[in-house]
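Take a look at this single chain in structure tokens; it is the form predicted on its own.
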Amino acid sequence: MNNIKESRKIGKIISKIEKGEYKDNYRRDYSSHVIGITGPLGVGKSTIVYQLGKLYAEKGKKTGIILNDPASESGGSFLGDRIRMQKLSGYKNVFIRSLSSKDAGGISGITRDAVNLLEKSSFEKIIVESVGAGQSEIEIASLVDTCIVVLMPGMGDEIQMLKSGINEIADIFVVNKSDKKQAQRTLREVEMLVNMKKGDWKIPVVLTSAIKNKGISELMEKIKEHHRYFKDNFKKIRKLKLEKELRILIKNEINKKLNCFFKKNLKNYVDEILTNKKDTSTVAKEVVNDCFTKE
């Protein structure tokens, strides 16, 4: 592909999407394989994205990378990751774009549009990196075909978090920074959780040291295996993803309506509570009833 021309064209369209000046009704045909990388801050997601992107590029795959950045991020490790990522720009078959995830949880509100645009432009592999794992970031699972959750050794709280629902989004687990002392223990803990989960797909747990490029080839093989499973069970998986997507979109629309309602009425409700005219429970019920009453 003509890297400079096509990259500039795609970049300009994404900028228009961000400004609300462009809308494409393209719907995915799943000709691309969309891979999601999520996990808490500091686990090495960007390094894994870089290593995967490099391997795909060297195999001749037309690769798109969408990086979702925290709106107010700063610091050396973050900057280092992004400088490393820019090395991929030297490959003619790679497109990279950062999006701000401000007010949108783990991924930007236009990430889905960007993915659709890249698939429409015949990218074979599309890698989406979210800001971090958490209840607000589960939406990445409905967007991608293969969702990878990255952890690192010594993350006791995050392992507990897996038990409370984050494990539901993972198709593959990665325990990165395998040179740390607690790597094998973390690996075993995650494997125990995975073995408790029922389903046709047995979730693999891959040990990596992304900074040293260790375990990345194995991870790529597991991604390939999951993509085969995804294609073989497309209708069933697509239905589940659509259910998740609808829940997310409906929730977003409800939040918009609530935010609009709060701007107009919140001060009055607070005044009524402060003057003992109403209590907080009554106000909460009134807000919900007012928001969901059909006009």
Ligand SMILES: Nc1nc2c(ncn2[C@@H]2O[C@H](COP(=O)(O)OP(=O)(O)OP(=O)(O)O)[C@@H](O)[C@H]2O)c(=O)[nH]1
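The numbering used is simple: start at 1 and walk along the sequence shown. All values derive from a computational prediction rather than experimental measurement.
The following text describes the form predicted together with this ligand, which does not appear among the structures shown.
Visitor: Where does this ligand sit in the predicted bound form: which of 171-179, 111-119, 220-228, 192-200, heavy atoms within 4.5 Å?
Guide: Selected stretch: 171-179.
Visitor: I'd like to know if G53 sits close to this ligand in the predicted bound form, meaning any non-hydrogen atom pair within 4.5 angstroms.
Guide: Close contact is absent here: in the predicted bound form, G53 is far from this ligand, nothing within 4.5 Å, heavy atoms only.
Visitor: Is L41 close enough to touch this ligand in the predicted bound form, meaning at least one heavy atom pair within 4.5 Å?
Guide: Within the cut-off, so yes.
Visitor: Using heavy atoms and a 4.5 Å limit, would one call R97 a contact residue for this ligand in the predicted bound form?
Guide: Answer no; every heavy atom of R97 is more than 4.5 Å from this ligand in the predicted bound form.
Visitor: Spell out, yes or no, whether the shortest heavy atom distance between L151 and this ligand in the predicted bound form is within 4.5 Å.
Guide: Contact with this ligand, no.
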